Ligand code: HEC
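The chain below stands alone and is given as structure tokens, in the form predicted on its own.
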């Protein structure tokens, strides 16, 4: 009986060794079944032969390599992935060009912007961010940079830019238009982010993040003086575009399928009154109404539903 103990120990050891070999074989097999990462430094960036077309100017990506590395890579990164050496210090974070998702567009949400949209961002800059106005560049340099931005995402090779939306003529600013805009601001729950007085302090404001989970702040309409502007421009037409295109990559949606064109203009007129330090037609009209926005009364209510008859389906009595 005493001789059985060593045999049991040997058997247990052999069993454990066998199970270990089986586990190791399974691990190796599982690992080999997965895609093996390409370890090591990133490969050299290939500058694809992308172009841009702005009016009569054609931009070429190859011509912008030096300008991009000197002026843009510090924030947007050498590979356009928003991992430049300055990015960690920036709030909001720089644009990640590999996603080809852009805030300021004239095209519908989810579509690529036009070359002119990207060009205008270089001309205008992005307010309340570290993206400056690049007015030191020539038109050709800007067009070349627009082409260069396209090398970072395969979307530019597979998709065309969206069609710019059509902006109808702006109707007159009236107190009724402002009142309707206020009603829409409430109905569409804009106040949940922007706050009831447009000060960017709505109940959802502190919870907002962009598409890459970075905290993002809603716009404060009341901040600034007469020269204050929105992220994507300063005109009423620019604000109209934001409603109809949305600000991709942020919680600001497109309302193109929710409101009619004249509704959007009414909302523009109301938002201008939230810019309390701005001198404009909207605030002049509001002052003429003694600073009071009256309740909105719909002058074209939906027709009442026809009364149901008592006939059974199929014409039965």
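What you are looking at is a predicted structure, and each value in this text was computed from that prediction instead of being measured. Residue numbers count along the first chain shown, from 1.
Separately, the form predicted together with ligand HEC exists; it is not shown, and the next lines address it.
Taking any heavy atom pair closer than or equal to 4.5 Å as contact, tell me whether residue 217 reaches ligand HEC in the predicted bound form.
The answer is yes: residue 217 has a heavy atom within 4.5 Å of ligand HEC.
Residue 99: touches ligand HEC in the predicted bound form, heavy atom cutoff 4.5 angstroms:
Close contact is absent here: in the predicted bound form, residue 99 is far from ligand HEC, nothing within 4.5 Å, heavy atoms only.
Does residue 164 make contact with ligand HEC in the predicted bound form, using a 4.5 Å heavy atom cut-off?
Taking the distances in the predicted bound form, the answer for residue 164 is no, it never comes within 4.5 Å of ligand HEC.
Give a yes or no for residue 150: in the predicted bound form, does one of its heavy atoms lie within 4.5 Å of a heavy atom belonging to ligand HEC?
No - in the predicted bound form, heavy atoms of residue 150 and ligand HEC never come within 4.5 Å of each other.
Counting any non-hydrogen atom inside 4.5 Å, which residue from 75, 108, 222, 179 sits next to ligand HEC in the predicted bound form?
Checked against the cut-off, the match is 75.
Going through 57 to 93, which residues have a heavy atom within 4.5 Å of ligand HEC in the predicted bound form? Please give them in sequence order.
Stretch hits, in order: 71, 72, 75, 76, 90, 92, 93.
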